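In structure tokens, the next block holds one chain alone, the form predicted alone.
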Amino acid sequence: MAEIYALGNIGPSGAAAEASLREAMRIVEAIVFASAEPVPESLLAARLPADVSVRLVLDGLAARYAGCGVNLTRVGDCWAFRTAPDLSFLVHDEKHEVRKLSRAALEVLAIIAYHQPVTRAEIEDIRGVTTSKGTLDVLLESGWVRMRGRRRTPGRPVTYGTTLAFLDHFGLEELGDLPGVEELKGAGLLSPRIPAGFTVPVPFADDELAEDEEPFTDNDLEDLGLLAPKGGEE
């Protein structure tokens, strides 16, 4: 329990506190291990005694698993066990390989990731070409992109953003971990002739709607096929 002492400054005389923290770590470990999806930190906190810090517990577990074959990983405001990056090739399953995205889909995904919340018209303005509905449908079906709400402008266009599944798939804790200009240059993903002063936009990292967005109404959800029409049930 050395990591507990280090994290919580619990001395040898705090046997009761140490036992409580150890039990809390077991509880969180069991919940995250049993879940097929990343578990929200708020849900974990709700399962623990009020006097136990969920972040202290998570930091302790993350330290414990740091050198193991699986790691406790933060995904947004959620937590999940994931194969250690250097061992992921051993458990690669071709049957679950996500189908390869087209160049257009990759471009749209990158624009959504960096410019979210963003509308289809804004995506087309950035790309300089029309974006087909099929391209957006593929990204929505992949689970990496979601419809956030509607822009508070004439026509109320739908806004798009990324999901926790996007962060999880690309090994990101948060949108702020997306590569910046220098990293993109180093990976050969930016032209060395980019204009002076060029910057990579900082994505809107909050799941809450932005000031210029508004939530979907029931009619919106029906129109988008996300809600069965009222009175349509037999």
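Residue positions are given as counts along the sequence shown, with the first one as 1. Because the structure is predicted, anything quoted here is derived from the model rather than measured.
Another form, the form predicted in complex with another copy of the chain, is not on view; read the next lines as being about it.
Asker: Spell it out for me: taking another copy of the chain in the predicted bound form, does every residue among Ala16, Ser53 and Leu58 have a heavy atom no farther than 4.5 Å from it?
Answerer: No: no residue has a heavy atom within 4.5 Å of the partner.
Asker: Looking at the partner-bound form in the predicted bound form, is Glu41 within 4.5 Å of another copy of the chain by any heavy atom?
Answerer: Output for Glu41 is no: heavy atoms all beyond 4.5 Å of another copy of the chain.
Asker: Can any non-hydrogen atom of Tyr160 be found within 4.5 angstroms of another copy of the chain in the predicted bound form?
Answerer: Result yes; Tyr160 sits at the interface with another copy of the chain in the predicted bound form.
Asker: How about Arg74 - does it come within 4.5 Å of another copy of the chain in the predicted bound form, if we only consider non-hydrogen atoms?
Answerer: Arg74 lies outside the contact set for another copy of the chain.
Asker: Using heavy atoms and a 4.5 Å limit, would one call Ala45 a contact residue for another copy of the chain in the predicted bound form?
Answerer: Output for Ala45 is no: heavy atoms all beyond 4.5 Å of another copy of the chain.
Asker: Does any residue in 108-134 get within 4.5 Å of another copy of the chain in the predicted bound form, counting heavy atoms only, and if so which ones?
Answerer: Those in contact are Arg120, Lys133, Gly134.
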